[in-house]
Structure formats: C-alpha cells, structure tokens
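Consider the single chain below, provided in structure tokens and representing the form predicted alone.
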Amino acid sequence: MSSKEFFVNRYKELGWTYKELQPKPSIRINTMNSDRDDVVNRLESLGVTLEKIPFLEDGYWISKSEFSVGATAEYLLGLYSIQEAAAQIPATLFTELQDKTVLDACASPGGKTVQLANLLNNSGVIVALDIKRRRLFPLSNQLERSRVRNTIVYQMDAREASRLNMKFDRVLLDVPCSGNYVTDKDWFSRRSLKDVERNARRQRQILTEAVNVTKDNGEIVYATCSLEPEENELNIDWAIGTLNLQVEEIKCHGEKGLTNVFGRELDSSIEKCKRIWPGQTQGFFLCKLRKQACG
C-alpha cells in the first residue's frame, strides 16, 4: 500500500472522503492600520477581484489578480496581511484580549502575531517566540511593516518558555505539525505515520510548557494544519487527562471534533473543538482550553 492510500483510507475511516483541492489565496485586512472598505476599494481599483470570506470578519479571498498581492504599496504599508483563510481563525477564539498579556509561542512568519496585535488594538503585551534565528527576520519585518507596537520577539524554543519568567493571560499555540496535502503537493510521498507520531510528541511537550506559563483560568488556543488525529483530538484527550485543562466551546467554521478515533472513545468534551476538512480552505484543527485553578 502506498503512503497516499494509507492516509486516504484513514481519512475515510474518520468520516471524510479525499478530494483534490486548490483553495484560493486570501488576505486579512489589518484594521488597526486601515479602513476595511478603503483597502478593498484600493485593491479593486488595481484590478484585484476580492470575495468576502463569510466566516471571517476581515478576510477576503483573491478570486483574480494579474500580479502578486504581496507586491502592492498597500501590502508594504501593512494595510493587509497575506494569510490563509483557516489560519485566520485561531487568534479570534480568545474570549477577550484587550490589555491582556499574550504568548504567541510559535510565531513566525507573523501573520497571527499581527492579527493578535489588531485584536488587542496594540494594547497589552505580546511575546512572540520562534526557535530558529532565520525565522525571526520575516517575523520582525511583518511586525514593523504592520506597525505593531506591543510585541517583543525572542529566539526561543516554545518548550522552554518558562525561561521568560512570565505568566500569560492568553497563549496561542499554532504548533509545528505535519501539515497536509493541500499546501504541499508532495505531502503523501514525504510523510509517514512515524512523522505524525514524532510531531505529536513534540506538540505535547509544547502544550505542557504552555500550561506552566499560563495563569489560572487563562486560555490556550491550540491549532494545527494537520488532518491527523494523533496531532489533534488524541493530543487534546491526553491534555484533558494529564494537564488539568478544560475544553471550552468555540463558535467558528468547521465540524465538531472527533470523539471516536479508530474505535477509541475520547473525552466527550472534545466535540467542542473544530475540525476543518479541506474544502474552501486547507485542513485545520482548533481547540480552546482553559487552565483550571488549582484547589
């Protein structure tokens, strides 16, 4: 059996039928720097055809453009970010952000960091981490271009976030994952179940450290662009039982999280998570967790 057949059969067992897809590129308007309608009008005057993404407040699909939307003056001025549609959801799931202390634990290239700053309206503090030095440059560039003023960037492994000696109200974990076939045409030939399991272990380490640096009753948003349950529902099931975390209800695009994975029954609260199978967007998994107070 080929790697593709193996994964496609798994998806079918989980209730989804594989299909070839090519989602449209998308942007998000940086509303702290610009007026939404003004940016739309400016891009349309350049010949860009935009389509409002119905499940996002500031997101638009690029239906047609004769040039790269990363080469406009509006982009260079930080009026919008190029950001995949599903990737625009995680930062919006926190209950409230104004004046909060926020950790973006795996931040580069910075699209979600800028989005957090937008949602904070440049209030509070964001600490943005990335493990690789070379990835700090696109992150810092995007923050500067987008006129973000409340963010500090560190080169640091998210598994060592305790070194910051800080506690956070909100933690965004868009964790390193196996990805999915929609954004990588060679995905099936390059991935195996061993890769998935290795990534799942690293994600659990990051989750554990995130709990260590989250205040009691603080919120953690966990997200991946993986379709594999080992990196998604199975990790959340483990976190509920091991890390004193509680799954919170979220309202966003997607289907309920799986509570039966290959015959294994998971905690029923995992249905509050959201699984986005590839379609209008790439695949994604989203979950909001609350750190319960001790005692």
Partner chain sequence: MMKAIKDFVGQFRASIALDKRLIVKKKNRYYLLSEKLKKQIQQDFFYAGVYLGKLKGSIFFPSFLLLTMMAEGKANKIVVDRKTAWLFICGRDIFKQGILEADGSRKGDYTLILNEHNECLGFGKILRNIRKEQDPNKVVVKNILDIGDFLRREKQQSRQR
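Just so you know, these numbers come straight off a predicted model, no measurement behind them. Residue numbers count along the first chain shown, from 1.
In what follows, reference is made to the form predicted in complex with its partner chain, a form of this protein that is not presented.
**Student:** Does any part of residue 138 reach within 4.5 Å of its partner chain in the predicted complex? Heavy atoms only, please.
**Tutor:** Yes, residue 138 is a contact residue.
**Student:** Given that its partner chain is not shown alongside this chain, does residue 46 nevertheless sit within 4.5 Å of it in the predicted complex, heavy atom to heavy atom?
**Tutor:** Residue 46: contacts its partner chain in the predicted complex.
**Student:** With heavy atoms only and a cut-off of 4.5 Å, decide whether residue 198 touches its partner chain in the predicted complex.
**Tutor:** Because no heavy atom of residue 198 falls inside 4.5 Å of its partner chain in the predicted complex, the answer is no.
**Student:** Can you work out whether residue 147 and its partner chain are in contact in the predicted complex, taking contact to mean some heavy atom pair no more than 4.5 Å apart?
**Tutor:** Yes, residue 147 lies within 4.5 Å of its partner chain in the predicted complex.
**Student:** Only one of 203-211, 158-166, 111-119, 183-191 gets a heavy atom within 4.5 Å of its partner chain in the predicted complex; which is it?
**Tutor:** After filtering at 4.5 Å, what remains is 158-166.
**Student:** Quick check: do 129, 170 and 264 each get a heavy atom within 4.5 Å of its partner chain in the predicted complex?
**Tutor:** No: no residue has a heavy atom within 4.5 Å of the partner.
**Student:** Though its partner chain is not shown, can you say which of 89, 220, 107, 79 has a heavy atom within 4.5 Å of it in the predicted complex?
**Tutor:** Checking each option against its partner chain in the predicted complex, the one that comes within 4.5 Å is 79.
**Student:** Within 102-134, which residues come within 4.5 Å of its partner chain in the predicted complex, counting heavy atoms only?
**Tutor:** The stretch 102-134, when checked against its partner chain in the predicted complex, contributes 124, 125, 133, 134 at the 4.5 Å heavy-atom cut-off.
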